[in-house]
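Quick setup: one chain, the form predicted on its own, written in structure tokens, and binding and motion questions come after.
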């Protein structure tokens, strides 16, 4: 027997050195000995509970459909948001019209709220001054500070008229997106909700002349 083997054997636990009830397997691998004991009850019961719990969960999830996966939960929440926004839109449109949007555009509170939304969502395409230009660069959006509107002209108006914008058409375009999805703007209604769409509409209209209004600007809200 070599010196290395002798040194290894000296470090092995001898059966007579073990406490009562503790056994060793008869083999030794690379100087490693193994106990031949039953696992502790706490460990075994943890394993049994896990196995039983997994079986119950498998039956509940896959067989009885008692739990929803992430995709189903997300779809449910999105549906709830859509229903809530539809109800909000219906309630808002019951009172909203072109005159109300014009009045909002003369209300400093609505305009300030709309500017925040516009700066966050619209500047990249329409520029901070609504010109759709950044220096010499033409941005992808159309100008919003002129007299000619795509899809949003007041019926019967021409670019030479003092008032050319139809506020409700602007609101609808922002809310529903461009009629031509390959070239135009996305629908912001689901992202912003009808209230914020009305505010950003008011901000855009604040750059334009309004028809005569019956009420004081800052005292009226839709």
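Predicted, not measured: the structure shown is a model, and the values here were computed from it. Numbering follows the first chain given and starts at 1.
There is also a form predicted in complex with heme C (HEC); it is not shown, and the following applies to it.
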query: Does heme C (HEC) get within 4.5 angstroms of any non-hydrogen atom of residue 121 in the model of the complex?
result: yes
message: Can you tell me whether residue 178 touches heme C (HEC)? I mean in the model of the complex, with a 4.5 angstroms heavy atom cut-off.
response: yes
message: My question is simply whether residue 193 lines the interface with heme C (HEC) in the model of the complex - judged by any non-hydrogen atom within 4.5 Å.
response: no
field: Exercise: residue 144 in contact with heme C (HEC) in the model of the complex, heavy atom 4.5 Å
entry: yes
task: Please determine, with the chain shown alone, which of 60-68, 43-51, 151-159, 30-38 has non-hydrogen atoms within 4.5 Å of heme C (HEC) in the model of the complex.
output: 151-159
message: I need to confirm a contact call. Of 80, 128, 72, 125, which residue comes within 4.5 Å of heme C (HEC) in the model of the complex, counting heavy atoms only?
response: 125
query: With the partner left out here, if you bring back heme C (HEC) in the model of the complex, are 163, 207 and 210 all within 4.5 Å of it by some heavy atom?
result: no
